[in-house]
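Given next, in structure tokens, is a single chain: the form predicted on its own.
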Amino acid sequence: MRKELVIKTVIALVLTALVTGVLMYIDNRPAPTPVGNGNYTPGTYIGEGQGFGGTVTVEITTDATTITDVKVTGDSETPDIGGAHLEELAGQIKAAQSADIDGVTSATMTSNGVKEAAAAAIALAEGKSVPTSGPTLAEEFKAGTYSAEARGFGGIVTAAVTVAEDKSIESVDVEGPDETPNLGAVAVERLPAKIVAAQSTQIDGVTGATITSNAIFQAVDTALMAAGLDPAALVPQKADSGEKTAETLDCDIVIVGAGGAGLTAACQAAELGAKVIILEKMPLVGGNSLKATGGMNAAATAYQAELGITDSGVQEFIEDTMNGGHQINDIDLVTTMAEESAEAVDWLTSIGAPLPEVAATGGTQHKYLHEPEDGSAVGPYLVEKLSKQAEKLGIQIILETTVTEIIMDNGAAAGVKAASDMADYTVNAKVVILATGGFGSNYDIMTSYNPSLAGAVTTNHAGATGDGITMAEAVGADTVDMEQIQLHPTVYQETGLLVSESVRSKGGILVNSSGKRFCNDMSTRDAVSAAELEQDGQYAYIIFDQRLVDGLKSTQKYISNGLTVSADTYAGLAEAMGLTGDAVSNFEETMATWNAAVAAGEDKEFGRNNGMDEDLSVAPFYAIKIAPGIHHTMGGIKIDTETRVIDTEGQPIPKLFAAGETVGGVHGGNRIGGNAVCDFVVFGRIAGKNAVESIAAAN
């Protein structure tokens, strides 16, 4: 049910080996002034509000002048996020004797729901009418079509709900034109039929598209209430799915995982004439590739040449990647990635996915980052283009189907076994390619290597649980660098949303709660994350301006989704960020110093030498409060440069290949931003090619 929200997003600040225990931070605001008048009718009163997952309830007990007890419940709140702070929020209400409390910044939606519920309960205790801001239930039922709106991930989601005379939900039509293709758009496409089938909104959302799913449920609920139906009373009807069937499929190549690497490998293999089947456990394609917001690193490309960039060649790319990975990367894999990167960019162009814009990225000395022309986030852009190419090539993609094991025949991979709600599959194949992604949402695996990551926010999608690694190990595969887990420095803690590295590569900077820069903003991700964790409160703000917004689509999403604060002056922005006293003047000085550094082409404070093409002088100005979050697992299955899976004896496992984040060795101890996309395109293509060649060699 949607009470069981996807993965642990939204929690207190991220922990690293530098920090032990779950961290939490509170906005530095003055102590709240009680809004209650202290004139209560003694008794117990209950109020409700809308939290992150659903309804939260506040029960207060009062004597004539004092709130003597507070209980907060929220069964739908994520246990390790909002749910973990309910008792603390109750304590804040009691201490403040008011609904006007600080709340918990890392659980803002839950906090707001609790404050709403507390205000209602206090109003009842004071003999006032309960303030309401949400929809109300119509007094009488009336059949017809009703429309309502809610805010999704990309913008407004609209639902038109038709209810019949017998009070059944006859149809649900949802529009969400601004939702991300292959992500929120999947929820828009799938959930209406599921709501009609269940005759209720009390059903699972689309895993990986939680925000959009919740917006759809909210809009449909509001429409139902307008018709006079109580959504909470509509018990879901279970569809009779019948008995599971047993199905056997045959193909040349079966690919496990429909993320960037899996789609790339499939397209490359199908172009060469192979019959390909992809199995994906999630209800949508893309995996963690949908989370990629920056670009694709590549060296010696035609686009660089067109822009006159001549100092960003293959050797420089290798050196920057090895330095960024602290020299523990597999040099052969890194060399292959760099040498094949330009051809990979050309291949993307050939399938209608050009990346003509070039910029720098954190941790590099040169400009390798190739981006879409319109400033779109690279991940959703490439997933959409690869999906269209897969459809064009007739590649079969079976969603919501979990692969459970690799079939082996005389020591060679010969297919896989998988299961969905409807069928158990045996897929016989001449070659198996594993492209299941990393394990950045599997806390059991992560904490077995680094216990301090328990409960940390993750940017990873719910399906990043290391399934391919586990299956490969079961057939004798070796692993490498499993303990290397990367933190990304710019993560919006409330939702686990990654703020693109492109914001900094195009001129954005980081400041702390004192209004000052504190590091080279374009250093490696691990270095910037460590610097943030040394700041007061262990968070920072990323600063950008309107010029940057006009050229980078992802920032426009941050604004529309309410992640930003803004102002027309630096002082105004500082105040909007919650800075006070000297911090305001510090921030004004910081901005003046930074703009002068850009004009001079030299950052004397911290030695930043890229992402300085433009200053931050075009109002309005914007800030997002961020902190580190789990982003990439560098470790995984051991492969060679042909993407063959290597066993614990150092030998290739016949007919078994792997690519993407499920593989280890490419990134070493820290991944450079933009290298994950290069990794999945380069090695995805190699896996697809070599899979086809291995079939030909066997014939």
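So that there is no doubt, residue numbering starts at 1 and follows the sequence shown. Keep in mind that this is a model prediction, so the values were computed, not measured.
The same protein also has a form predicted in complex with adenosine-5'-diphosphate (ADP), omitted here; what follows describes it.
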Picking from 402, 595, 171, 609, the single residue whose non-hydrogen atoms come within 4.5 angstroms of adenosine-5'-diphosphate (ADP) in the model of the complex is 402
Students should find that, of 525, 504, 370, 461, the residue having a non-hydrogen atom no more than 4.5 angstroms from adenosine-5'-diphosphate (ADP) in the model of the complex is 461
Pick from 298-306, 111-119, 261-269, 585-593: which stretch has non-hydrogen atoms within 4.5 Å of adenosine-5'-diphosphate (ADP) in the model of the complex? 261-269
So, residue 639 and adenosine-5'-diphosphate (ADP): in the model of the complex, are they within 4.5 Å at any heavy atom pair? no
Any non-hydrogen atom of residue 437 within 4.5 angstroms of adenosine-5'-diphosphate (ADP) in the model of the complex: yes
Against adenosine-5'-diphosphate (ADP) in the model of the complex, would residue 287 count as a contact residue? Criterion: heavy atoms within 4.5 Å. yes
Answer for residue 282 alone: is it within 4.5 Å of adenosine-5'-diphosphate (ADP) in the model of the complex, judged on heavy atom distances? yes
